[in-house]
Every structure is written in C-alpha cells, then in structure tokens.
Ligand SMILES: Cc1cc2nc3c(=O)[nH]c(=O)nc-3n(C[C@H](O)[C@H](O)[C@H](O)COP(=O)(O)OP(=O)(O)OC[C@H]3O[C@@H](n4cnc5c(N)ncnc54)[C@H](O)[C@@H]3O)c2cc1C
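Form predicted on its own, single chain, as structure tokens, below.
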Amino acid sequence: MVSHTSDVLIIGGGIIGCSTAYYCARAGLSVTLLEAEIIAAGASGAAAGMLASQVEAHQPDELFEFSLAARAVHAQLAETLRSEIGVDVEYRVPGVLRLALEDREAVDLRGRQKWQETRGLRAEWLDAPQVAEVEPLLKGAASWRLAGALHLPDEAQVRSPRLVRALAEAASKRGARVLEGTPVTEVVATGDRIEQVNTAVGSFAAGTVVLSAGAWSGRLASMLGLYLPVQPIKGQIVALDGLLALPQHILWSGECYLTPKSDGQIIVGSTEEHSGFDRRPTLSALLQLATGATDISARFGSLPVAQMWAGLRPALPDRYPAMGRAPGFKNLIVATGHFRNGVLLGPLTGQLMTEILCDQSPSWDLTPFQLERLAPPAHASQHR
C-alpha cells in the first residue's frame, strides 16, 4: 500500500538530489526525497567543494562548456540560500594556481592557457618568481622546484556538505518532504511506468521518479532492467589545521590539490581508487597525499591532521554524467554519474531536471549526456 504520493520522488540526498528537490519545490511541485543515510552522506558531502571548470580541462569539449555554465550558477545560488535560510555556504573565489613542478608540465599548461584565452577565459602564465609574489607560501626554499604556474583567477569553491544540507533545508522550507534513513528496497514498474518505490518505512508513488543515488544508482537501475554502468571510484581526503600556513589560492599540482577554507583548514585531496563500496580511509592514501602536499611546500608537512575521510564518486565509462529521461520509461529521470564534478555541476543539473519535470525543453542541450549513449554490451541480457 502506497503511504505517500507526490509530483516528484527523488532517490538520493546528495548535491544532485537536493538541488533537484530545491528547484522543483521553487517551481511549485510537490516533492519527496529519499536518502538512505543522511543528507550529504555520499560523494558530494565528502568533496573539497571546488568549482574548478578550467583547471582539469584538457580541451574545450561539451562537458567543459557545461561546467563553465554550471560554475556561473553558484554565486547567485549562494546569495539566495543566505537570503532564504540564513546559511553561508562559503562561496569564495580564491582562484587556482595550477603548479608546474617539471618543465614538461609547464609546456602542457602553457598550451591550456592559450586555448582558454582564445575561448575568452582568464588564464595567466606565471613564472616561478611571479608565483612567489602572488602566493607568499611559495617563496624561498618552497619554490625551488617550481617551473611556473597557470593562474586561473575565476575558479571558486564552496563548503560542500554545507551547500548540500542548505539545499535540503531550503527545499523543506518550500514544502518538500526530505526523509533520511530511508533506503530504497524495491522499485516496482508496470510496463513503461514506475508504479511505486518501496522502503523499510513505507511505499511511495509519484508522477515522476528521479534517480540520483550517486554510486548506488546502477544497483537501483538494475531493479528495472535499466543498463546504467555507474561504478564507485573512491577518493580519499585529508583535512589539515592550516592556520599557520594557509595559502591564499587553491594550489593544484599533478599529484594533489590543497584547498584553503575560511575556518583555517586546508583540504588535501584526492585519490582515485577502484575499491568497490569500501569507504574506509587507508594509510597508503595518507602517504600519497602527504607526499603530494609536501612536494608543493615542505611547510605543509608540519601541519597537524584534523581529519581524514573518503567518498565514492559515481563514474560512467566515458566520465560524462547521465542526465535526462530514461529510455523505456515514461516517468523516470536519471541524473547521476557526475564523477569528480558533482558539486560543480549539481545546481545546474537540478535546474535542468526541474525544467524537464515541468514539461519544458531544457535550457541546455543534454544530447551528449543522454542515457542512450550507454549501449549495453552485446552479451548483456535484460529482463525488460
């Protein structure tokens, strides 16, 4: 027996699910969100919160353009959340220094600078003395390995768990029903429609179901015979007490990044590991991150470790997200697979999913991200 019905039922309380819930509630839709653990328990709650479209981009492809549009959404969203619920999500624009510790890195980064400038973006090459001028922590002995840095002044950041929880709170304030500790046990379909979603605390129905369960999305999709090859990629992070050596920029080398936070912490990340659904931190990851941080500056080696944790990023084979209506179903939308960029892409994704849920044409071309590109292997059998 169905215990609750709404216009939209969202599975997953990470950045994608909470953004979608917020924008749907703003649009006047009735919303229920089911989170298996607590809000921000997954990858987006574990993330460093960087809004860095440019630093990892090797070429101007569809995902890069989408990420630039997504970065632009965050400033206004941060102000809106502050106004609506009085929460500072710590949106800041410190910029990124992408450090070259070898000459070959400098060549690659100079190439990125050229095409990004051609695209109309701010990207500036700094030689080692110039880096030391803009980032005092890298003066003197700390700069001996520097071949230079690509300065990307428009890269930003938020406090990721705070943003996700703020979106959930703002959605609740607008009438959304947000249920934590409510894992989905079964998704029931009849023909091309989702009839109900069962949990340990009851059954739910909705006009449309949104699957945004991060690394667990593939498991839930398989209940419907839907091919969604999401794999968990473990990322481990260390928080340092950085009050004595707090950089003014996000520092990024080939081995790690260091993200300064307003409370004096420095978030050091992040690994990429195929460890299944094991979220436990490991000693080898601590060594890897410590080596990467101290390669940037030995000063970081003396900072105390405040905390260490791990998250499971949802990754699809081509590392593009999956967004849009699920093939074969009239009332199922999928929004998952955002891999390393969930926090960056989440609010724009939520806006676009809301447009679809309101029967509007999405304001961004989602063709590169449609599920149809994820053709199952020829040997795979599906029960639908």
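Residues carry their position along the shown sequence, with the first being 1. It should be emphasised that the depicted structure is a prediction, and the values quoted were computed from it without experimental measurement.
Here the subject shifts to the form predicted in complex with the named molecule, a form of this protein not shown in this document.
*Asks:* Determine which one of 293-301, 89-97, 130-138, 235-243 lies within 4.5 Å of the named molecule in the predicted bound form, judging by heavy atom distances; exactly one does.
*Replies:* Of the options given, it is 235-243.
*Asks:* Would R340 count as a contact of the named molecule in the predicted bound form, using a 4.5 angstroms cut-off between non-hydrogen atoms?
*Replies:* Contact check for R340: yes, within 4.5 Å of the named molecule in the predicted bound form.
*Asks:* Flag Q196 as yes or no: does it have a non-hydrogen atom within 4.5 angstroms of any non-hydrogen atom of the named molecule in the predicted bound form?
*Replies:* Answer no; every heavy atom of Q196 is more than 4.5 Å from the named molecule in the predicted bound form.
*Asks:* Taking 4.5 angstroms as the cut-off for heavy atoms, does I15 touch the named molecule in the predicted bound form?
*Replies:* Heavy-atom contact with the named molecule at 4.5 Å: present for I15.
*Asks:* Considering only heavy atoms, tell me if V184 and the named molecule come within 4.5 Å of each other in the predicted bound form.
*Replies:* Answer yes; at least one heavy atom of V184 falls within 4.5 Å of the named molecule in the predicted bound form.
*Asks:* Pick from L348, I333, L316, L34: which residue has any heavy atom within 4.5 angstroms of the named molecule in the predicted bound form?
*Replies:* Among L348, I333, L316, L34, a heavy atom within 4.5 Å of the named molecule in the predicted bound form occurs only for L34.
*Asks:* Tell me, which of L63, A48, L357, A326 has a heavy atom within 4.5 angstroms of the named molecule in the predicted bound form?
*Replies:* Looking at the other structure, the residue within range turns out to be A48.
*Asks:* Using a 4.5 Å heavy atom cutoff, which residues in 80-104 contact the named molecule in the predicted bound form? It's fine if the answer is none.
*Replies:* Residues within 4.5 Å: none.
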